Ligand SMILES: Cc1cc2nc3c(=O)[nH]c(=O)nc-3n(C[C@H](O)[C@H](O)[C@H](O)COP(=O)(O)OP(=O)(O)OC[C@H]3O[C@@H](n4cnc5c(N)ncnc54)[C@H](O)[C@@H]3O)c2cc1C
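Next up: a single chain in structure tokens, the form predicted on its own.
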């Protein structure tokens, strides 16, 4: 089956929906969104584990064009965010653009169009191709000897088995990342025993969460300027958090004081405190937020093993120091494939250049958005667009706004295709690595999922969101190699 469209968007999460709205505003009416699952939502459709929530305040973690006055909490749960996205899609008629259960198999540029094939054999031809697949959707499980031999239920937090009852069971949890920090306090309420294998302790700070009073929501509904003001104030507050990552002494001292006080209020056992104290500088790894994590670890039925896992057998998990724990259920809280996602993307650009070849030395994309050798291809939340301090929705909006302006300029100048200028991309990549070289993420004494196999940080934007937004707003066709409708080229 062969289909054609002007713009093909891969993924129906925040990125894909925001891109579709912008493209439509720019006059592209024939838009198709391919979604591997049966509904929109991305991360918030996939992750349904107990306690799942966003660690960015609700009013900031939403589209600027579709503010939601009805958020029920300061920090929304996953189901509420999913419902918000569904409402945006329904209101804007985006569901009719979606083709569900259509996972990408391959995409190839034929010199004029993108030729795309899905896993079930459908074929699409599109002038523009946009990757909106995000980074947190391919669960990662470390290769641990004996993992396949475990006798009980075993699942990743992003593939939660809701048919498995945890009540009165011995549960082993591998990993102490963002997901584990949220689901462990929930499962500890009913499980007989929760044993957590912690390879590296996280910094976990409190957050000012709580319900938003109904009268406040009504006020926001009738006076839309108020949630917009709230959003801006939260944005500015979170921009100040970047000082921690820049190593500003006062910002670091304040964050460390908050962390220490939070742990001290919940944990009294000196040995447990020592086990929960990170051995790297704050900010080197993702700073997590929770009001329940440390109290949960103080429960009588929760045990922290401060070591990674060496071996798994049918009924036991063995740590690298030899500590052994019996388990009926095994839950992997081990994050996602991020820097190695190229291995799962079969995309071929101009002159047969594959994305795997283009990224053989690491992920690169000019402004995190376009890749040299890949005409009319854009990537949302690509290399160097992740954040450690603010809302990635802001980054998506900045990228989408830039792409929209490029699309308009292409129409005005009669351009057939654009691709990232090779020299501009190389310059941007050098700048990113230079700025990261002495950053907290590289020099803070840790390894993290921000880094690729060579130890380079190819994930995060090193500056503030304000800087990125300004840069994207000021960037246009000068960043691209262009081809006119008549085949003429320019740089």
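Keep in mind that what you see is a predicted model, and the values were worked out from it rather than measured. Positions refer to the first chain, counted from 1.
Heads up, the form predicted together with the named molecule isn't pictured, but that's what we're talking about next.
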Each of 11, 44 and 104 having a non-hydrogen atom within 4.5 Å of the named molecule in the model of the complex: is that the case here? yes
For the named molecule in the model of the complex, the stretch among 66 to 74, 432 to 440, 30 to 38, 455 to 463 with residues bearing a heavy atom within 4.5 Å is 30 to 38
The one option of 282, 234, 94, 392 with any heavy atom within 4.5 Å of the named molecule in the model of the complex is 392
Distance check, residue 179 to the named molecule in the model of the complex, heavy atom within 4.5 Å: yes
Contact of residue 450 with the named molecule in the model of the complex (heavy atom, 4.5 Å): no
Answer yes if any heavy atom of residue 336 is within 4.5 Å of a heavy atom of the named molecule in the model of the complex; otherwise answer no. yes
Contact of residue 134 with the named molecule in the model of the complex (heavy atom, 4.5 Å): yes
